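A single chain, nothing else alongside it, follows as structure tokens in the form predicted on its own.
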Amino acid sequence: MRVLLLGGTTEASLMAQALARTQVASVFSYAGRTARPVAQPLPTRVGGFGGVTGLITYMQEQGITHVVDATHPFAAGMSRNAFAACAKIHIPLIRLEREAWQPQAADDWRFFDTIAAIPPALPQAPARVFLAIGKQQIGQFAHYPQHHYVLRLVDTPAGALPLPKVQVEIARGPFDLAGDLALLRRYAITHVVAKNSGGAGARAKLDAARKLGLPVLMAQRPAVPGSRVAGTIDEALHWLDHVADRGV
């Protein structure tokens, strides 16, 4: 068995630790969008594969027998490519996926199918918006320059951001309620924009928004193919043991 672990999440790092403890031959792969990635206990590769064809070539050259897709829930392109590549050359794949967040009774969440649908849903009057969506899609908010935006990023931006009124907080999660309450109050935030990534590490902003009575504009996860999903590290390990025992 030789496992390709597609990373980019806290769960991927935990899965890497589990594979290292159990001494399963594995390779950890991530896109490389973060300048200071978390060190992993497995051999690591960085960058894209070159689409489905490139991924197939890599897996064949490296003798990959199983794939665990632990990419971010919004990294749909990688998940789709992984599914297509594994289906084509008959390599078993499982997606390690954290549960989506669910609103509580006191939450004011408004759901959107895509990030692109959120900017026009903000009020016309100037608002103070916490953009908790990373940096890849912030340009979609540039058409609404009346708002003041606050971003929280892992790395300092390399160049100017496409938003005229913007402040950046550099921080790496997990985050807690006290810290996120302080952040929202410090910037007098009126609206929170988030992706429904799930997990505990970034949930605090939603709990803080609830306490402050702030609306959350939430982008739903994109659809990805495949029905074989593990919700925990143990489930993914059990699957690997099971398919290994069957010789799949």
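Here the structure is a predicted model, which means the values were calculated and not measured. Heads up: residue numbers just count along the shown sequence, starting at 1.
Just so it is clear, the following notes concern the form predicted together with a small molecule, a form of the same protein that is not shown.
Engineer: Given that the partner is absent here, does Q136 sit within 4.5 Å of the small molecule in the model of the complex, heavy atoms only?
Structural biologist: Taking the distances in the model of the complex, the answer for Q136 is yes, it comes within 4.5 Å of the small molecule.
Engineer: So in the model of the complex, is the small molecule close enough to V168 to count as touching (4.5 Å, heavy atoms)?
Structural biologist: Result no; V168 lies far from the small molecule in the model of the complex.
Engineer: I'd like to know whether G50 contacts the small molecule in the model of the complex, with contact meaning heavy atoms within 4.5 angstroms.
Structural biologist: Taking the distances in the model of the complex, the answer for G50 is yes, it comes within 4.5 Å of the small molecule.
Engineer: May I ask you to state whether L214 is within 4.5 Å of the small molecule in the model of the complex, using heavy atom distances?
Structural biologist: Outside the cut-off, so no.
Engineer: Looking at 121 to 129, 86 to 94, 69 to 77, 142 to 150, which lies within 4.5 angstroms of the small molecule in the model of the complex, counting heavy atoms?
Structural biologist: Partner-contacting stretch among the options: 69 to 77.
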